[in-house]
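Okay, so here's just one chain, in C-alpha cells, the form predicted on its own.
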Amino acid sequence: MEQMIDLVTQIIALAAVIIGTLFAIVGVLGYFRLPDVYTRLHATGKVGVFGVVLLLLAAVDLSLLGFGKGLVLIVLLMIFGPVASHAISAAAYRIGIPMKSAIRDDLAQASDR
C-alpha cells in the first residue's frame, strides 16, 4: 500500500513538473511573439506565476520537509506576481512607452479629465 501511495505522489509531481514547464514555455514564447511591453507582461506575468506555482507544488509533493515553506512561497507568489506585473506596466505607461494598436486606453481618458 505504501508503494502505491509513493507511486501516486510521484505521478502527481511529474504531472505538475510537465504542466509547469509547459506554462513556462508558453510564457517565453509570448515574450518573444507579442508586440509590446504590456502584452508581454501579461504573458510572462500570468503564465509564469502559474508555471512556477506548479513547479513548487511538485517540489512540495516530493519533499515533506518543505510543505510549509512551499505553501508560503506559493501564497506570496500568487499575491505579489500580479502586483509586480501591474507596477511594471504602470511605470511603462507613465514614461510613455506606446501601446501597439490599442483598442481602448482607460488611463488616457482618466488623465484627460
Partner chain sequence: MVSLRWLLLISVLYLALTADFSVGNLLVGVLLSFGLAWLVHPSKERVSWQSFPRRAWYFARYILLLVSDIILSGVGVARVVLTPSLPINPGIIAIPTHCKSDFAQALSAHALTVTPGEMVVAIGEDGTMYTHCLDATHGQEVILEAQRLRRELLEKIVE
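Residue numbers count along the first chain shown, from 1. Here the structure is a predicted model, which is why all the values come from computation and not from measurement.
What comes next is about the form predicted together with the partner chain, which is not displayed.
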Task: Contact test in the predicted complex: V60 vs the partner chain, heavy atoms, 4.5 Å - done: no
Task: Exercise: D6 in contact with the partner chain in the predicted complex, heavy atom 4.5 Å - done: no
- [ ] Considering only heavy atoms, tell me if S89 and the partner chain come within 4.5 Å of each other in the predicted complex.
- [x] yes
Open item on the list: Can you work out whether L55 and the partner chain are in contact in the predicted complex, taking contact to mean some heavy atom pair no more than 4.5 Å apart?
Closed with: no
TODO: Scan 81 to 101 and write down, in order along the chain, each residue with a heavy atom lying within 4.5 Å of the partner chain in the predicted complex.
DONE: P82, V83, S85, H86, S89, A90, Y93, M99, K100, S101
